[in-house]
Ligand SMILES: Nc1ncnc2c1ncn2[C@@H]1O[C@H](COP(=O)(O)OP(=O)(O)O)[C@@H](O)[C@H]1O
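Coming up is one lone chain in C-alpha cells, specifically the form predicted on its own.
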Amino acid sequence: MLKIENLTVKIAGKEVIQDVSLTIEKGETMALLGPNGSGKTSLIMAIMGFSDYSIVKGDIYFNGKRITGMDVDERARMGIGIMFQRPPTITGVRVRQMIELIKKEGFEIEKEAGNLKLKEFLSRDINSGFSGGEIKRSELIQLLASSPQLSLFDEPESGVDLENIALVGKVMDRILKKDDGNMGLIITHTGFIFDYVKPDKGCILVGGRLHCVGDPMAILKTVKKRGYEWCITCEGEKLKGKSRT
C-alpha cells in the first residue's frame, strides 16, 4: 500500500502541503481534486521524491517500507511511476531509447506503440514538437513499459481532445489492473477521466490540506454544484435532513 503520515512539504521555502495523511490500499485508485495552486502536483512530486520538494515533517511508506528521503530512481525501481502534466522535452534521447531502458521483460514496443498511435514518434526526441495528446500518449507508453505498482497521474485530461481522452482512459485502466494489486492516484479538475477509470475513493486538497475523503462521484457532484469551499467546510452536513449534494 501507499501510506502518507502527517506530511508537510516546502518548495522554495514555502509550505505547499500541510499535515496530509492518506492511505491507498493494494488494488485501489484514489482521485484527488482541488483548485489550481492547491498543492496537488506538489503532493505527487513529493511522493515520487523530487528534490525541490523538501519534506519538513511526516513520512511516506510504500509496501511497508519507509521511502522518505529515497532518491527518485530508487522509488521508480520499487514500482512507483508518474505521468507528468507538463513533462520536459529531452533532446538527444529518442522515445524508443527511453522505452528500451525502462521496459519490463515481454513488453512489445511496436505493438503498444501501434495501440497508442505512436509508431511514427518512436524515432523522435522525447516530447520534441509533440502536441498535448501526443505527450500524454508518450507518457502512457513509458508507464506501460515500466509496469509500476503505483501510478501517479497528474491531470491526464489536460491538453487532450475528446477522441484521445478515450484512448488515454482505456490505457490508464489497463495500467491500473486491480487483479495485480496495482494502485493509482489521479489528479483531475474535470472528472472526465472517470468515464474510463473508476476510482474507489476521492478526496479534496485545498490550501495544501486534505479534506473530505469519500465517494469520488459524490465529491465531484458536490464540487460542480457548490464549489470547493462548500465541500471543505461540509456546509451541507449542517442542513438537517438534506443531502450534502
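Numbers follow the displayed sequence, beginning with 1. Remember, it's a predicted structure, so these values are computed and weren't measured experimentally.
There is another form of the same protein, the form predicted in complex with the ligand; it is not shown, and what comes next is about it.
Heavy atoms of K224 never reach within 4.5 Å of the ligand in the predicted complex, leaving it off the interface. Put simply, L22 is far from the ligand in the predicted complex: not one heavy atom of it is within 4.5 Å.
Contact check for N182: every heavy atom lies farther than 4.5 Å from the ligand in the predicted complex.
The closest non-hydrogen atom of S42 lies within 4.5 Å of the ligand in the predicted complex. Of the candidate stretches 209-217, 190-198, 172-180, 29-37, only 29-37 has residues with heavy atoms within 4.5 Å of the ligand in the predicted complex. Proximity to the ligand in the predicted complex, defined as a heavy atom within 4.5 Å, singles out one entry of Q85, S147, N164, N127, which is Q85. Contacts to the ligand in the predicted complex (heavy atom within 4.5 Å) from stretch 10-28: I11, A12, K14, V16.
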